[in-house]
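Just the one chain here, the form predicted alone, laid out as structure tokens.
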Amino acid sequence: MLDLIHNAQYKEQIISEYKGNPFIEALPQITSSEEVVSKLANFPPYNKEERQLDNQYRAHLVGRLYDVFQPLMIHLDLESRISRVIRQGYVARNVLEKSFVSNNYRSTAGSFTLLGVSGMGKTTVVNRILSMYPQVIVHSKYKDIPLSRYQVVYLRLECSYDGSIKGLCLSFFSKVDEILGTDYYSRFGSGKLSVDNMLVAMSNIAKNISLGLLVIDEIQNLSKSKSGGADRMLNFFVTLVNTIGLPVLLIGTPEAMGVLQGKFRQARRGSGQGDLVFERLDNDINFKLLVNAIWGYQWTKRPTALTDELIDTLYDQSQGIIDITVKLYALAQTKAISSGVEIITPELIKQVADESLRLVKPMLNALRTGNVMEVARYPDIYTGNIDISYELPNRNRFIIPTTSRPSVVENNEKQIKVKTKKIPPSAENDIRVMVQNKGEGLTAYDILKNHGLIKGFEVI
């Protein structure tokens, strides 16, 4: 992991588009998969002698499990995309080119969206990947050419809890001040500047500090913004990509899908490097890799060998959600230590899941059943793409009876009565006729369902 501020050291580039660009040459070298695994992995120290400590100490040591980070295949994919999107964004923004100085360049920036089930470690892995880069690079001279410039490689912000644009702008000013020691917050954030002016200031600052990647986390909060607020903010991100060539990475739970898919333009811009979805793990080599990585951290007095039954039990009780898996293993150890059992068994894991994971139990049960409608009740774990808010009848267009009461419409001057024509029940596809002709023992619900006008969960 690199220091926050770094003096520029320019490196030879293999890719021709990256040559002669101080912003790209000052970045760390493009890394191989093996190097990425080595840099991302984190395995805290462990001493088997600690197993002989008293219970109260061992209960604390179990907390080390939360610091373990085992890189998985999807993490390597994410690292590669971030590496590409930062460099591609700088291709057109070569500070030595006249086109950049004259502000007459065509953006080469892209953006992409990372969505994932809550508890899959999206923020953790993005932070670990970003920490492979120095956040600020100071340029003073490039190959005998005087070059006085700050380069902020990345900036990570969280979408405000209510999805407000002003909250995002203030967070941006504050974050830049924090890392560069500037006073943008007091100049642009504490006065009576309108949100539109704040956005302009934010755009100019991002360009002046040669920002390489803007990361917006918790993007699902946009669904809570006031009417039109989400569209406005997403349009602003598109503008950043198009006009100043700044790549944008949006991170959120599946709850953000509805907002991001609202318009093709936004969805397309959010998929510049292909959208990436962190699904919960399958019970395959990736899950076994994760369990193997944490299993060695045992502080029970009797060591437990890892078996297929234990792996299957952990998977069943966690449903492949990384955070739940690690918590369950830690809680099982704590229970084994405090109870004096001092061994981890499938039964103990199930007992701990029943006793200590009650809040998430409904969600885990929904995932276990595989019923999409049950899972869809929890938008932060549902990654399907069906729209459950709208159901189109698949056959038999039917007649909806009109009300016999005239409606009243108000305009600015007077009330206008709107006359409606009552339609007698006669057509076969009139739902009133269907219900009137119902068979013995059938309810109106049964009749409408038999005609295909009501669909049950089992046919979705």
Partner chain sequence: MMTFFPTPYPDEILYSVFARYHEKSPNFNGSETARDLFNVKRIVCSLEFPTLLANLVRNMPLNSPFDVDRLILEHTLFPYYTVFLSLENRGIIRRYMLHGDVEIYNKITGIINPLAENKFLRFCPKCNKEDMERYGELYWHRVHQIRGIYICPHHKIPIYNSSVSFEDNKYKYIAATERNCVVETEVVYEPKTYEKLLIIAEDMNWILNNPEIKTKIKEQYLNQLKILEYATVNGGLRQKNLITDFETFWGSEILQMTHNTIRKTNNSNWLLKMGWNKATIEDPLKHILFMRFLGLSPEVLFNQNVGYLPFGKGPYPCLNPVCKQYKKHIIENVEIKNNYKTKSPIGYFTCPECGFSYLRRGPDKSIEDRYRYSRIVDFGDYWREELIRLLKYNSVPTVAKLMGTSHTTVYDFIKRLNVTKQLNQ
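Numbering follows the first chain given and starts at 1. Just so you know, these numbers come straight off a predicted model, no measurement behind them.
From this point on, the text means the form predicted together with its partner chain, which you will not see here.
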Counting only non-hydrogen atoms, the one stretch of 115-123, 308-316, 193-201, 230-238 within 4.5 angstroms of its partner chain in the model of the complex is 193-201
Identify which of 292, 369, 243, 140 has a heavy atom within 4.5 Å of its partner chain in the model of the complex; exactly one of them does.
140
Of the options 105, 185, 297, 150, which one has a non-hydrogen atom that comes within 4.5 Å of its partner chain in the model of the complex?
150
Flag residue 340 as yes or no: does it have a non-hydrogen atom within 4.5 angstroms of any non-hydrogen atom of its partner chain in the model of the complex?
no
Is residue 208 close enough to its partner chain in the model of the complex to count, meaning some heavy atom within 4.5 Å?
yes
According to a 4.5 angstroms non-hydrogen atom cut-off, is residue 98 in contact with its partner chain in the model of the complex?
yes
Is residue 303 part of the interface with its partner chain in the model of the complex - any heavy atom within 4.5 Å?
no
